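Take a look at this single chain in structure tokens; it is the form predicted alone.
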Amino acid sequence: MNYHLQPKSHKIAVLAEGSFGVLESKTATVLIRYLPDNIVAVIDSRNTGKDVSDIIDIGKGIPVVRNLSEAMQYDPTLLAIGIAPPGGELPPAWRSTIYEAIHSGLHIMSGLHHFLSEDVELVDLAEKHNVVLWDARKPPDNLPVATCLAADVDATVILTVGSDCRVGKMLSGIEITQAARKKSLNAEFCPTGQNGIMVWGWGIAIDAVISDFTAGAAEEIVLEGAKNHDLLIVEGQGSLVHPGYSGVTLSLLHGSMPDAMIFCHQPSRKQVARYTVPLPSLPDMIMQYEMLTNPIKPAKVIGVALNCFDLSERESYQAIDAVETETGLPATDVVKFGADKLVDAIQRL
């Protein structure tokens, strides 16, 4: 497992230079949503002087500052890379900010594919200043090929799946876990992506694992979570109909061997993001997931988590009603209306 830093024990400055926004800086937004008491500032010269909530509607009271020098006024102990640019590479212009942060004694938390802990210049500098470079996306060594061990755990395993990328699989997983805990269920969120790992403090970023071992990584996550918990909410990735990321979706489906699934979807989205691939109907996509689990370990979709961020409250309720009618399953927007309806579905298993 990937346990190097516990973000909840740090004061965090988030680097989102030139890209801070709901869609542009998913990592920054996730950290602000789930670690609001730890975030002391967001660095983005485009929006300097604003409050974070003016831009993404959450994080009231967190300032947006021009540069790291201004962020240091708020005494951070950690600098988080707040965006995931195409290809996961480190923007060259950001190196100077990371150098400055290390010189200032800040630990660095990154979800990039470019591993800072393998960047010789940064490693040498970090060693001189006793700073940790935590690559949340870096997988552990010696991951196994899956052997269906996840089928034998005592815990109930729920996997979030979806129609596309960025429809709320991680967010829904966290919200369901928190709602389950409020109902006194011994639940654990099992992160499989860098943003979930940054928030929760452990997990394996499946998309950085060699393909032969991705299902094995999912299995390892379930085995670890089941040691101390009765209910596991495993974070899904990608989509079965996504031309680029369907492989990791299938690996999670088979490696985690879920007892049931929660389907995540953005009602206003009609085709795969950045592609011209039209999305099938919800019943068809749900049937695809259930069909592919069947030979390994049968599992049903038991609820739908909708991402209605771009809809009004009235439109959101209309979308929920339409999905419940179309699928016959309980549906909700876990951010706007809570996750209790989906927890209730899990308890009925």
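Nothing here was measured: the structure is a model prediction, and the numbers come from that model. Numbering starts at 1 and follows the sequence shown.
Keep in mind that the form predicted in complex with a further copy of the same chain is missing from the display, and what follows is about it.
Asks: So which of Ala151, Val132, Ala93, Val145 reaches within 4.5 angstroms of a further copy of the same chain in the predicted complex, heavy atom to heavy atom?
Replies: Of Ala151, Val132, Ala93, Val145, the residue with a heavy atom within 4.5 Å of a further copy of the same chain in the predicted complex is Val145.
Asks: In the predicted complex, which of the listed residues (Arg166, Arg269, Arg181, His113) lies with a heavy atom within 4.5 Å of a further copy of the same chain?
Replies: Filtering the options by heavy-atom distance leaves His113.
Asks: Please run the contact check for Ala155 against a further copy of the same chain in the predicted complex: heavy atoms, 4.5 angstroms, yes or no?
Replies: No, Ala155 is distant from the partner.
Asks: Please tell me whether any heavy atom belonging to His242 falls inside 4.5 Å of a heavy atom of a further copy of the same chain, as the geometry stands in the predicted complex.
Replies: His242 belongs to the contact set for a further copy of the same chain.
Asks: Just to confirm, Ala273 within 4.5 Å of a further copy of the same chain in the predicted complex by heavy atoms?
Replies: Residue-level check for Ala273: no, no contact with a further copy of the same chain.
Asks: Examine Asp119 and determine whether its closest non-hydrogen atom to a further copy of the same chain in the predicted complex is within 4.5 angstroms.
Replies: No, Asp119 is distant from the partner.
Asks: For this chain shown on its own, do Ile206, Ala215 and Leu250 all sit within 4.5 Å of a further copy of the same chain in the predicted complex, going by heavy atoms?
Replies: Every residue of the candidate spot has a heavy atom within 4.5 Å of a further copy of the same chain in the predicted complex.
Asks: Just to confirm the contact call: exactly one of 22-30, 286-294, 308-316, 59-67 touches a further copy of the same chain in the predicted complex at a 4.5 Å heavy atom cutoff, so which is it?
Replies: One stretch meets the cut-off, namely 286-294.
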